[in-house]
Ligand code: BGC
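For reference, the chain that follows is the form predicted on its own, supplied as structure tokens.
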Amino acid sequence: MLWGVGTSSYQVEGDIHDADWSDFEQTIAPQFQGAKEACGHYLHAQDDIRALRALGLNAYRFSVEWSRIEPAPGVTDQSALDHYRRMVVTAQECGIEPVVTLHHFTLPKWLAAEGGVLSPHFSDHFARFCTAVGTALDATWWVTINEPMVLAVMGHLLGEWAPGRRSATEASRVGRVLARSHLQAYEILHEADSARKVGVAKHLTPILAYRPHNLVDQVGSRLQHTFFNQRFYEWTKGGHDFLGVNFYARSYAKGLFAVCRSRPHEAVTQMGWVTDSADLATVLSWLKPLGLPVLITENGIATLDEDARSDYLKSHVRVLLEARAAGLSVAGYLHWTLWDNFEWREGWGPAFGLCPRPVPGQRFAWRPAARLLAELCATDGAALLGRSV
């Protein structure tokens, strides 16, 4: 079973200047602190991977930055491809399974100017990009797209992420385009190596009625669940070797279309989320009938309370292990994330990391949850059995 951690390029690499978010982050607020040098991961990637091995993990999920690899349409930066190839090789040499993500929210500026995901040529561009990366990187585990419906909702329905659009029709179109692009990438990656394991990292969340006895909220809960949690799987049936799951917390439907993170007086994280490991059990129950291995591609909590972080990790892994004991095929657990990183619209505030953001002279100041995750890796989860949470 894979036990590891995940990152994404824009959030940790630093000095990315040709992505759509490079411009968009400056429009959010004048005082907003953008990604800038981030965590310096691009400069220190090989040593950072070796640090994961020294900690005791056996898997690392990272994304390749499209704007680095293809700075202009059809133009490949070989040095960027070579960088990510070295990351894969270094991980494998360290006994760490690389889990490569092709698209983690950001787009090259040239593609954004062309219309982004809604460009009439998006699928062709994405196929070309997937072919280049899939040929260059000899990895087994691949995530084609991270949280496609989150991008559709945040970027095209709510307008809070790049490209800052507000259209329900557009959001639905984005979801469909990303579904088609995933299926295309699935075929491309398998053509290069039929033994590859290819899937998406799908954000799943129970969406409850904000007012449990309100009929409109109840209908909104069902509508939002169908669109956000189910549609992408329906559009991509037959295009998954595993089910990648990003799970954090529940949410609430308030009316037909509005979403709330919490109800009044509920305890929340730095992201305003209500966390309960029972909600992960609900999500896993949706997936069991699909009959595919489940890989937790993201799971974590934004908090400065280290006891809360460790408790969150223990309670959610326990749910996963219980599901495995009950017959669910579980491929692994990847914690989000390695460092406190650039958290999109929330900037640098939320603390999701197993380490704080690096400072000069210290890249890794492991928090207690990091040691716990390493212990789970060493025992394949047995370290948690019999412990109270």
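Just so it is clear, the model here is predicted, and its values are computed rather than measured. Note that residue numbering begins at 1 and tracks the sequence as displayed.
There is another form of this protein, the form predicted together with ligand BGC, and it is not shown here; the text below is about that form.
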item	value
Listed residue that, although ligand BGC is not shown, lies within 4.5 Å of it in the predicted complex (heavy atoms), from H104, R231, R196, K109	H104
Contacting member of T236, S221, N246, S310, with respect to ligand BGC in the predicted complex [4.5 Å, heavy atom]	N246
F364: touches ligand BGC in the predicted complex, heavy atom cutoff 4.5 angstroms	no
Partner proximity in the predicted complex: E343 to ligand BGC, non-hydrogen atom cutoff 4.5 Å	yes
Proximity of M271 to ligand BGC in the predicted complex, heavy atoms at 4.5 Å	yes
Touches ligand BGC in the predicted complex: F352 (any heavy atom, 4.5 Å)	yes
Contact segment among 322-330, 353-361, 40-48, 335-343, judged by heavy atoms lying within 4.5 Å of ligand BGC in the predicted complex	335-343
Residues in 1-19 close to ligand BGC in the predicted complex, defined by a heavy atom within 4.5 Å, in order	Q11
